[in-house]
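In the block that follows, a single chain appears as C-alpha cells, in the form predicted alone.
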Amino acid sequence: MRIGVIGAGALGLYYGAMLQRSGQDVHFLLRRDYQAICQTGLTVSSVNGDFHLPQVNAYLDAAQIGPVDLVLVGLKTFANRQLVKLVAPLLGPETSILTLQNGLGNEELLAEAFGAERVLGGIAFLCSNRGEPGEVKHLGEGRIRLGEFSGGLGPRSQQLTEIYVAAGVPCEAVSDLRRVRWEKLVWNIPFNGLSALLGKDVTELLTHQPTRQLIEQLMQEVIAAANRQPLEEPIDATPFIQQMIEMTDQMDHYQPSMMIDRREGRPLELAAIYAKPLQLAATAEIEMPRTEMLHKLLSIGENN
C-alpha cells in the first residue's frame, strides 16, 4: 500500500516507521526532520526494540508525494487550517484518509472537503516523544482503534487493521468512532491540560492525591457529556476511569504532548480537545465546570 504521512511528529514518525519496516511504501511530509532523515535515515528508540530505517521517502512539499492509497494524518489540530491544502495533492480516485489526530471535529473537516466516504478516524494510545532530528522515542503503549466516519464495520477498516497488526501495532476496528473519540478525551482532557498548566508529568499528577482526585472528577465530567451524545453504547464510568488511571500509573513520568508543546512555546490543541467537547456538552445541556475552568486557564496567551 502506498501511504502518505501528513504531520510527521512523534505519532506520524513512529507509525510511519513501523509501517515502512513491515514493507509498506511510506512517504513522509517533513519539516524539522527533513535534512536529518535525508542524510542518515530515521531511528526509532522503542521499549519493544530499537530499529533504524536508512532510507526514507522524505518530502518538503505535499505535491511531490502525489496520489497515494492512504493518507495518514498525524498533524497537530492547531494546524488544521492547513490540513485540506496538505491532503489534496495526495488524493486519487480511491484514496482513503485516516486521521489519528486528537479531539473532535477532524473527520468532519476532511469529510466536508473530500467526501465522507473517504474518511476514517482513529485514536492512538501512544506514549512517544520526538528526540533529536531524525529520531522518535517510543516509550510505551501504541495501540490504535479506528473506524469509518460514516459508521459501521466495513472491509476497509478491517484491511487497515490487518496492515497495522502486521506492522507490529496493536489495532482494532470499531463500529462507533464517536464513542472511542470521547473515550480518548477521558484521558486527554485531564492529563494533557493539567500537565501543560502545572508543568508536571503524569506520575507527579497521580502521586499527589489532590490532583489524582481532580483527574477522576474531570473524567467523570467527560463521561457524563459523552453519554449524552448519540453513542451505540454508553461508557460505564467507574470501571473505565479505573482502567485509565491504572494504565497511566504504568507510564513512568510520561510527559503528555501538550506539556511539551507549552514548554517549547508551541500552540496548544485547545479547540479540538476542549472547545468542541464543551460546545457539544452545552448543546446536550450538560455542565462541565472543571473542564471549562481548565480550558480557560490554558487559553491564557493562546490564539486558538
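For every residue, the number given is its place in the sequence shown, counted from 1. All of these numbers come straight from a predicted model, not from anything done at the bench.
Beyond the structure shown, there is the form predicted together with another copy of the chain, which is absent from this document and is the topic of what follows.
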Query raised in the report: With a 4.5 Å heavy atom cut-off, would you call Pro210 a contact of another copy of the chain in the predicted bound form?
Result: yes
Requested in this report: Would you please decide whether Met1 lies within 4.5 angstroms of another copy of the chain in the predicted bound form, comparing each non-hydrogen atom pair?
Outcome: no
Query raised in the report: Does Lys200 make contact with another copy of the chain in the predicted bound form, using a 4.5 Å heavy atom cut-off?
Result: yes
Report task. Give a yes/no on whether Ser150 approaches another copy of the chain to within 4.5 Å in the predicted bound form, heavy atoms considered. Result -> no
Query - Heavy atom distance at most 4.5 Å to another copy of the chain in the predicted bound form, all of Glu204, Pro289 and Ser299 - result: yes
Query raised in the report: What stretch, of 77-85, 119-127, 105-113, 214-222, brings heavy atoms to within 4.5 Å of another copy of the chain in the predicted bound form?
Result: 214-222
Report summary line: Only hit among Val136, Leu146, Leu185, Leu194 for heavy atom within 4.5 Å of another copy of the chain in the predicted bound form is Leu194
Report task. Have a look at Met18, Leu294, Ala281, Ala10 for me and say which one sits with a heavy atom within 4.5 Å of another copy of the chain in the predicted bound form. Result -> Leu294
